[in-house]
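One chain comes next, on its own, written as structure tokens: the form predicted on its own.
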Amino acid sequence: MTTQQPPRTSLHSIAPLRNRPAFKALEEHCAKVRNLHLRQLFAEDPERGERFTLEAIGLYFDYSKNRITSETIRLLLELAEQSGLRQHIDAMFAGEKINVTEQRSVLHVALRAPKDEQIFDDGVDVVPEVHGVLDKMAKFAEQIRGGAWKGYAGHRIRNIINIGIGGSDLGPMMAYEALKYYSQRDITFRFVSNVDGTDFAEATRDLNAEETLFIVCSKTFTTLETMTNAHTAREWVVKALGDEKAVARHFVAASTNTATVEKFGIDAANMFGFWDWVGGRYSMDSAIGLSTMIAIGPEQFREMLAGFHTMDEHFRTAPFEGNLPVLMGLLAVLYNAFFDAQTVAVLPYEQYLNRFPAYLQQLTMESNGKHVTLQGTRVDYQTGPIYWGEPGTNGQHSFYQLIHQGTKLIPCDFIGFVQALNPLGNHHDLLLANVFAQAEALAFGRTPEEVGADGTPEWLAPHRTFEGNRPSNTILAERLTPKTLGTLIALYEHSVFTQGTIWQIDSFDQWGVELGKVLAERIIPELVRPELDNADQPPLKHDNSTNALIRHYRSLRR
């Protein structure tokens, strides 16, 4: 009997992380510099704030407030080279199957490629197919926005509800919130993902089914949570309109499963496809973004794609020392490996980006939350950190206390914009003053001498002292536009890629999502007849705790 061997990638010849010379050199280097204070580093280098910055493709990236020296950056860049980052970037753009465990190409970059580019998967140029779907989406979006598409009863569609989960929900929801300023305001947009019935009930409570269109986002059209909500939506529409035929006018799909979509009652002409080389958390610029395109219009959607593509090309071609995602990714690796930092805080000072940290949680942690290498061996180092955050200034009155004076080191990304979308008085100057002040306070803190000079009593001085030396990046852009949003998202996508390459893990599978789903499928039949006594129920074959919980749930349901 023969056993299938896993496909080899360009990274299989790379030495294990701890054996790479640059990693060993970084261990020695960080042991010497980790206790250097940013106050000292800035005092010794008056031009540090200009030297450790990078301006490219509409973003200004200040990384001077990191616990680094020029030697640190040199060694990190050497680590990138020794980790095969350049080869791995080239492999992704060439359509090689770098998603090793699923034997798939990773071509989300093709979703935003211009029409005249060529990107191949198994010898087939996928760019024409991508633009075919985009054109179909644009035609449909204009029908909805202009009122040409009518519901079953002849009414204009005024409500769009996106049904999905994971990337099929987080991406469209984040993009809608981020670009709400540019959206068509006579259409209501809502998003349903949770299998908790409250999510659907609240999303539809005040809506008229005659004016509501559902976009069901599921590649296979079998995802449990999504299809449970989709069937509930179907019942809601049919009950309100009194005819199964109404489904075809009130549902469209982003999917690849034509047969199941048609069985549901959706016309295949209203199915918008995508491909197995699009991972869910990288799919918001595919057909999964149909709700976004309806909200902001096809032209603005293509501007967003242009922002993605600009960052793609920067990542693909820029030297590593001037490469935004590479530098950001290497800094994340540095703190994870050598400073015992467990998390990264993403702090956008822009209310429209209120869902951006939640979106990044999936992008970063589903990608790099892995404990084995591409070869299947257990890692002996830390991989993906926990990403989290909240918009400023709200977060300042919530968790910043811990960042400033707690015992945990939390590197921070501050994101700000020079121009306000909604200029009101001096609001925006106050907002940006807080961006700069928070980064300054984290870096330099407040010494006991400075506190004492303010007349603070000696007994109170320790409580008002800030150690500082807390690292941060500051990212500034001129204005939050669709193009800027695409640029920012791609920045984090490729930073995640950089980190995964250094750690030699597969950033594009998500097997950790599957086990809970499988066990839930086993438990569902054990919960559907709560009226029966436990003695009459089928025998439970779980652990003692799970069995007891199921029995208790049944008893309470009765």
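Numbers follow the displayed sequence, beginning with 1. These numbers come from a predicted model, not from an experiment.
We do not show the form predicted in complex with glucose-6-phosphate, though everything after this point is about it.
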Item to complete: Indicate whether the candidate residues 131, 286 and 486 are all in contact with glucose-6-phosphate in the predicted complex, with contact defined as any heavy atom within 4.5 Å.
Response: no
Worksheet entry | Of 51, 517, 529, 34, the one that lies within 4.5 Å of glucose-6-phosphate in the predicted complex (heavy atoms) | 517
Item to complete: Using heavy atoms only and a 4.5 Å cut-off, determine which of 204, 472, 83, 218 is in contact with glucose-6-phosphate in the predicted complex.
Response: 218
Worksheet item: With a 4.5 Å heavy atom cut-off, would you call residue 499 a contact of glucose-6-phosphate in the predicted complex?
Response: no
Fill in: in the predicted complex, residue 223 touching glucose-6-phosphate (heavy atom, 4.5 Å)
yes
Fill in: 4.5 Å heavy atom contact, residue 413 and glucose-6-phosphate in the predicted complex
no
Fill in: Partner contact for residue 151 in the predicted complex: glucose-6-phosphate, 4.5 angstroms, heavy atom
no
Response to the item:
Exactly one listed stretch (173-181, 232-240, 297-305, 360-368) reaches within 4.5 angstroms of glucose-6-phosphate in the predicted complex by non-hydrogen atoms, and it is 360-368
Worksheet item: Does any residue in 158-192 get within 4.5 Å of glucose-6-phosphate in the predicted complex, counting heavy atoms only, and if so which ones?
Response: 165, 166, 167, 168
